[in-house]
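A single chain, nothing else alongside it, follows as structure tokens in the form predicted alone.
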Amino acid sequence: MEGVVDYTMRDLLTQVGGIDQCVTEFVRVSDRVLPAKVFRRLCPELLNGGKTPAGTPVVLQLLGSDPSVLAGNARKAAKLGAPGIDLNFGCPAKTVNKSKGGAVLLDTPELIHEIVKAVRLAVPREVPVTAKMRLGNKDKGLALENAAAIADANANGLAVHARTKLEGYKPPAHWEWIGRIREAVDIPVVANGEVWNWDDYQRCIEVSGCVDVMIGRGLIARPDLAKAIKHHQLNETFSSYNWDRVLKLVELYLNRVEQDIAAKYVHGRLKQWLNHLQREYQEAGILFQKIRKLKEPSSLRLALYD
């Protein structure tokens, strides 16, 4: 979720609670080992013991296709304090896939095995190496083979988004395929895709058989989702966040983003989040339309409570 789950968003959502672990936006690597400043810019949590201010561990995700270069960058990230390394074999973006990164690698299980093996050998044993994959590029024909390639290369875990690249984010998510993968490999498997509420979560773990679930867009659309799931697991009552509470988070996000990035990009980040939030909050859609043509941070701030 490049450009969405940035440091500020990770900080805010982990402050809300219920999240056991975060994964960074992918760090794109191509032909060299990146300098420390790049890792620290994309993952400032490295300066805080690899955790968000709320104390949630943040695994650093790498995206690329060259085993040796990925290994070198993983080694560098681990030395900088990353509590774990994750490898991206799931991004469906055309610009990424054209550069032989993300989901397109699912056409080549042998290369995926080489990548995971090289990274696992490069990183100290105590630092987990995991991977994120989709069910395939154009179809699911290599899903089990790709999962086996990752497991056989001694990965410590695998998160599976239950759709192919071609299927994008179109419902449904094929959780039953995650179950097939879980039964075929001997490493922990995490389910991902189309979890928007407690009922989705329950069905996902029932169908997939997984213990853990990774939530992306669902948590961006409903900031208290992870916390709500935790309360349901403990049979505790939970009062969902109303729009007033979410709006305070939006304002805080705006203030923080304005400090972190150039002013000309601030409006894009805010509108992007509101676009996700409107799935769960009608008010977010109304606000999005109100600020649609605004670009100055000061104007955006005034419009929040206008």
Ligand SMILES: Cc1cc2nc3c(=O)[nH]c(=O)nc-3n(C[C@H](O)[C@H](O)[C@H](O)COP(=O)(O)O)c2cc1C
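Everything numeric in this text was worked out from a predicted model, so none of it was measured. Residue indices: 1-based, along the sequence shown.
The form predicted in complex with this ligand exists for this protein as well; it is not shown, and the discussion that follows is about that form.
Here is the short version: of Glu167, Glu114, Asp224, Glu194, the single residue with a heavy atom within 4.5 Å of this ligand in the predicted bound form is Glu194. Interface residue among Ala103, Ala155, Val119, Ile215 relative to this ligand in the predicted bound form, by the heavy atom within 4.5 Å criterion: Ile215. Mapping the unseen interface onto this chain, Asp11 falls outside it, with no heavy atom inside 4.5 Å of this ligand in the predicted bound form. Proximity of Gln61 to this ligand in the predicted bound form: non-hydrogen atoms within 4.5 Å are present. Although the partner is absent here, Leu304 lies well away from this ligand in the predicted bound form, with no heavy atom inside 4.5 Å.
A residue is said to contact a partner when one of its heavy atoms sits within 4.5 Å of a partner heavy atom; Asn88 meets this definition for this ligand in the predicted bound form. Exactly one of the stretches 23 to 31, 260 to 268, 39 to 47, 64 to 72 approaches this ligand in the predicted bound form with heavy atoms within 4.5 Å, and it is 23 to 31. For the stretch 113 to 147, the set of residues having any non-hydrogen atom within 4.5 angstroms of this ligand in the predicted bound form comprises only Lys132.
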